[in-house]
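Next up: a single chain in structure tokens, the form predicted on its own.
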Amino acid sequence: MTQNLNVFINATRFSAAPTMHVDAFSHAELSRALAFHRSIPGYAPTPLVSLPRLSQRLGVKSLHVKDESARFGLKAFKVLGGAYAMAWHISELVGEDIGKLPFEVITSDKVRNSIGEVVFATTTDGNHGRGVAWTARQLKQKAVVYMPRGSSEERLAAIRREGAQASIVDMNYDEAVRMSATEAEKNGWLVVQDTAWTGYEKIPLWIMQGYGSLMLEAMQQLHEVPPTHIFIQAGVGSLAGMVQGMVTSAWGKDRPKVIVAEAAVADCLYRSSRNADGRAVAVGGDLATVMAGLACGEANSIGWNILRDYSTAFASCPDFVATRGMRILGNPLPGDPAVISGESGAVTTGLLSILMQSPAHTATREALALNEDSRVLVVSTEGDTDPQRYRDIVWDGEIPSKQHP
């Protein structure tokens, strides 16, 4: 049975007295993360791709895609957060501010010898874990990575190639997060997770701030002219929370409209947004979706508070929304460049295309003021991090994307 695409327009019930300040995502705070990332060998801003033919076809003024497939050779944005949080932890062990410890210093034998061995532990669908493993290797430290059931063997192998101890466990994502936290406490490891919960908020906040580099890059590439709409995907809501916090801090009431896209089987933010009292709602079960990076059923508490108070809309997206986006970006209209976008990366483009082209979503499109004056930014968070799955979808037609009304 085909699932429907559902969009909830947030009435901003809580915006009059928001409970979460956005100061942590100010330009000054996010610039600290960008300065650190710029010190990493091989750093370069990822491309901001303009798709004028597609924007014309969809009926918007402009469409730009922030293409994270080129990030440090890891094909995903996730390393930005993990690396920044891990570097902050090392800085605290050394007793210095991270601004005094660029990558060359923090990865030195002198620092390694002064702090001893640190083991970083995390749960991941693949991209975050690979970033943690890569950073741990650069830091001359160790990483232990757990992946939930159904995870890609190719992504597991990529993590192991970075030198981490990695395995797939018979649990869903949120269960595996709890298990890795228990194992870390038992073994004296440091948990590096972008899921925040009571008593575990410092590292998730650093991770969210680390993600901010991609938005600062995008704004520089847009010559500091903000878009009118930003489509951003969410698993636990860390990336989306950062985006919402950043634009709210920068532009206040004149901020771009932020539309949050989730996998339908793990749409904890969508369900939470419909909750009358504003409390986060958890989604359980296997969370089986092609969007592996979004298969998270419990919200990051920091991200949820921001999204609840400020975001414009939440979309619960069946898998065909993501596969449609993959095919659109990988097979562009004449004159537009191709973007290789993975399952979790392309859902935002798929969502935009359906909202703009399906008569069934006319009212939603009008409520969001998506029209010929709209300047839209979408983030493609990953490339083909599972190349075989990418080909199965784009070449061989797995999960047809013509199911929308």
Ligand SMILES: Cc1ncc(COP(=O)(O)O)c(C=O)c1O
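Because the structure is predicted, anything quoted here is derived from the model rather than measured. Heads up: residue numbers just count along the shown sequence, starting at 1.
There is another form of the same protein, the form predicted in complex with the named molecule; it is not shown, and what comes next is about it.
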According to a 4.5 angstroms non-hydrogen atom cut-off, is F77 in contact with the named molecule in the predicted bound form?
yes
Any chance Y84 has a heavy atom within 4.5 Å of the named molecule in the predicted bound form?
no
Does the named molecule get within 4.5 angstroms of any non-hydrogen atom of T349 in the predicted bound form?
no
I'd like to check something about N127: if you look in the predicted bound form, is any of its heavy atoms closer than or equal to 4.5 Å to a heavy atom of the named molecule?
yes
So which of 44-52, 376-384, 22-30, 333-341 is the stretch with heavy atoms within 4.5 Å of the named molecule in the predicted bound form?
376-384
Checking L239, M326, V258, V145 against the named molecule in the predicted bound form, the residue with a non-hydrogen atom inside 4.5 angstroms turns out to be L239
In the predicted bound form, the one of G131, P204, G293, G212 near the named molecule [non-hydrogen atom within 4.5 angstroms]:
G293
